[in-house]
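Heads up, the chain below is alone and in the form predicted on its own; it's given as structure tokens.
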Amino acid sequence: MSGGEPTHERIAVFGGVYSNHLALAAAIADARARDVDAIFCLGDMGAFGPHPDKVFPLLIENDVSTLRGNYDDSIARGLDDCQCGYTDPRDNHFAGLSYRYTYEKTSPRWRDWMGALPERRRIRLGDRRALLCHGSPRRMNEFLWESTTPDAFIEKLCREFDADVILCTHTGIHWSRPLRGGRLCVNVGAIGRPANDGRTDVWYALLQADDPLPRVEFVPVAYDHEALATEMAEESLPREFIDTILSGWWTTCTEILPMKERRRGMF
């Protein structure tokens, strides 16, 4: 890793805003109250939720360092789909509904802004070299699952991309894992919708520089999810999306889940 990366001692990191401006505002306020040095968003500002243009000013006004996720990349380039990486027809059906709504409701100003965002970012967390990405360092829409992604594969990514710590999102479900050689992988989760755990809270990751590895805490954030559900209904978004916000259980995009993760959910 080349020199010159900013160094931080305590950071908040989240992904998957999914147009949930109410959860975003609550997460930023919570992180600020915990005295973080910096806040990072790992991409996917749109999808699932209403009024995507409400998200971008919150990120900018609060100095959130933001990456480009697959959703952001697709909207910026005017692609036909979200590049979400789904293979099941039902998953792709709902992904299509979500993508078309988000694309139509995102103004040209913010499409251009997303197109200029970096795909990866490097920082130092204390003396550890951290690489921030959306899916994985090698592919924006790669899923790194807790139950099926081998240690050896993540360690290989760390070596190839010259990182001690990899911070990612994309799956929507948070987890962390220490690795050999003093390395660490953290999937920071998503703040746009629940983690398929039956809770209406959303989650972000808080990392504190420490030796030999940074300390990781996953922080639940309560917000006015009923107000968001009302906004979604007013925008005629799918009932399935609204039910997830109100219940804490995923009703769509479940077929991509590995068996262990799927068994934790209701569907």
Partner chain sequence: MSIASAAARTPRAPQVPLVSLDYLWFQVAGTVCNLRCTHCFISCAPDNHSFWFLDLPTVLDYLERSRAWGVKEYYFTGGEPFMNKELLPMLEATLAVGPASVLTNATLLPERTVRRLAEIEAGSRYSLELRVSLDGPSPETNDPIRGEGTFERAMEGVGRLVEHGFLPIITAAQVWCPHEDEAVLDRFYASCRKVRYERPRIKILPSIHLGREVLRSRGYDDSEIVTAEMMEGHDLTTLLCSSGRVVTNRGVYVCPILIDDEGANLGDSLEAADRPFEIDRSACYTCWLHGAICTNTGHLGGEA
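Numbering follows the first chain given and starts at 1. Predicted, not measured: the structure shown is a model, and the values here were computed from it.
As for the form predicted in complex with its partner chain, it is not shown, yet the points below apply to it.
Taking the partner from elsewhere, residue 182 is found to have every heavy atom lying beyond 4.5 Å of its partner chain in the predicted complex. The closest non-hydrogen atom of residue 152 lies within 4.5 Å of its partner chain in the predicted complex. Not displayed here, its partner chain is kept clear of residue 123 by more than 4.5 Å at the level of heavy atoms in the predicted complex. At a distance threshold of 4.5 angstroms between non-hydrogen atoms, residue 243 is out of contact with its partner chain in the predicted complex.
Across the options 185-193, 107-115, 86-94, 124-132, residues that bring heavy atoms within 4.5 Å of its partner chain in the predicted complex belong to 86-94. Not one of 199, 225 and 239 places a heavy atom within 4.5 Å of its partner chain in the predicted complex.
In the predicted complex, the residues of 234-267 lying within 4.5 Å of its partner chain by at least one heavy atom are, in order, 255, 257, 258, 259, 260, 261, 262, 263, 265, 266, 267.
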